[in-house]
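Only one chain is shown below, in structure tokens, and it's the form predicted alone.
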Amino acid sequence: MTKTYSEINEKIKNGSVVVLTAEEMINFVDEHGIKVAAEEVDVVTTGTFGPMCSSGAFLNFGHSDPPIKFEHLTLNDVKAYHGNAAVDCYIGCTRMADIKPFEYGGGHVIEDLVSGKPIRLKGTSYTTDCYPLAEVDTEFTLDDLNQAILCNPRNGYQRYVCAVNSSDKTIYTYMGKLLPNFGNAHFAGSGCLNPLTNDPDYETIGLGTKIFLGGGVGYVIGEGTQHSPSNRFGTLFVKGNLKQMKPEFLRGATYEKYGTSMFVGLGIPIPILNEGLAKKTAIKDEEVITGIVDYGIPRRDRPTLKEITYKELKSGSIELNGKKIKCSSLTSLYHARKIAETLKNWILNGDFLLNPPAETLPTDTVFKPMKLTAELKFVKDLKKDAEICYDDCDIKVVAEIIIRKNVNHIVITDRDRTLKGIVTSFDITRAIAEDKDHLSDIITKRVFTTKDNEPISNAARKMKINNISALPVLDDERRVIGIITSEELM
């Protein structure tokens, strides 16, 4: 038994179409079976609302008088990319404002624009005969623009991993703040509501597929970047008219000590053309599987610790190594359901017809990592032996070692070389000035550390953001095996 797009669209026009959300389809199939569902249900709607870092907007301002050809421009102090026509630009959601980094970025500009707020445009030009204006400082709103096109080169991930952190330090990632020693877990995606989860073989999704995007109508315009179907990590390239969208479904976001992004609402209708699609759209959270990945390992091929279902993830906690870990979602299930329900109502009201894709998404794309042509250096390549004193050592002995060895850092350990703290030459100077006698009075116990296989760039970043000049190097048992300082990095 098969249906066609034209038959379903005819039902939409005459008001006889049967539409269910993906969650409703699960219950319908449980009660009536696949065959009846394929006969009676015409469309299943899906939805997701989560951070989509590969998002941005193309904007056209129109020509000023006299005209300008932008070379550099900012929108609310967020740099936008000009390298196209004179008064076109692209603003990406992860670009942060120079004056408020980590607080405001391109995603917030887009949200403010859709909210109707005025945006300050500042631009400069090197000037030409036909574009003589050198500088612009003005304000505009969404209505003032000729075109405002939301463009997401990578959206609608088929699934996401669950992120945890095995290290002894809190880390800040695009999966949120991950507490040390498996202190929490974060995941994303709406599971059984996720669009590509309901059509995993891309039978109905491809070039020209009409979708819900940001509260308005959008279209799939191809495979997304990093599209990796063999691993069930398919992605979508989508676009839509910002002037139709709503701030409820386009929200600027800030990630602590990571950067900015934007939450994007996406919903795709799946036409039930055959029994196979009826079965696929009835997928349950317990059938959607992903991996728990250790983000505490600073490398691309982080280890997958365990496979887990979205039913477990949505429960609020997961089990890992015999430990119960609190688990939170970066995706709003409330908004995902609202998107699926809104799309359902559009179709039921005859306001949204389905488009057959001109071309379906490829299923054989291979995701390739970046090729590095220069040798990557690691901490083990630059570390040196650490000067060590025990935690019961006299301050005078520590001072003598600093002078004799001409070093600025003394690592404090117990007699098993387990890290207890660090003392600097400045600490010794302070001890003398403040007449302190005991090492415990001046030792820094909260120490940032590194390991042999951490890239040098990671170590340098730790020093920079924490305003420190050295990192003890530890093995897996937290024993000190060396030190790397700002001198080695320089």
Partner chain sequence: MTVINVTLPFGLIKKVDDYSKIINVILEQQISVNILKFSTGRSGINLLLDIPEDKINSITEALKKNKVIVNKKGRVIVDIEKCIDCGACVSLCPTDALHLDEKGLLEYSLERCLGCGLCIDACPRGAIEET
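Numbering follows the first chain given and starts at 1. Please read these numbers as outputs of a predicted model, since none were measured by experiment.
In what follows, reference is made to the form predicted in complex with its partner chain, a form of this protein that is not presented.
Heavy atoms within 4.5 Å of its partner chain in the predicted complex are found in one stretch of 328-336, 407-415, 120-128, 272-280, which is 328-336. Its partner chain in the predicted complex comes within 4.5 Å of a heavy atom belonging to Phe263. Put simply, Pro356 is far from its partner chain in the predicted complex: not one heavy atom of it is within 4.5 Å. When contacts are judged by a 4.5 Å heavy atom cut-off, Gly252 counts as touching its partner chain in the predicted complex. Using a 4.5 angstroms threshold between heavy atoms, Tyr104 stays clear of its partner chain in the predicted complex. Out of the listed residues Tyr172, Phe378, Tyr219, Tyr90, Tyr172 is the one that sits within 4.5 Å of its partner chain in the predicted complex by at least one heavy atom. Among the residues Leu179, Cys393, Leu145, Leu320, the one placing a heavy atom within 4.5 Å of its partner chain in the predicted complex is Leu179.
Contacts with its partner chain in the predicted complex, taken as any heavy atom within 4.5 Å, map to no residue of 449-474.
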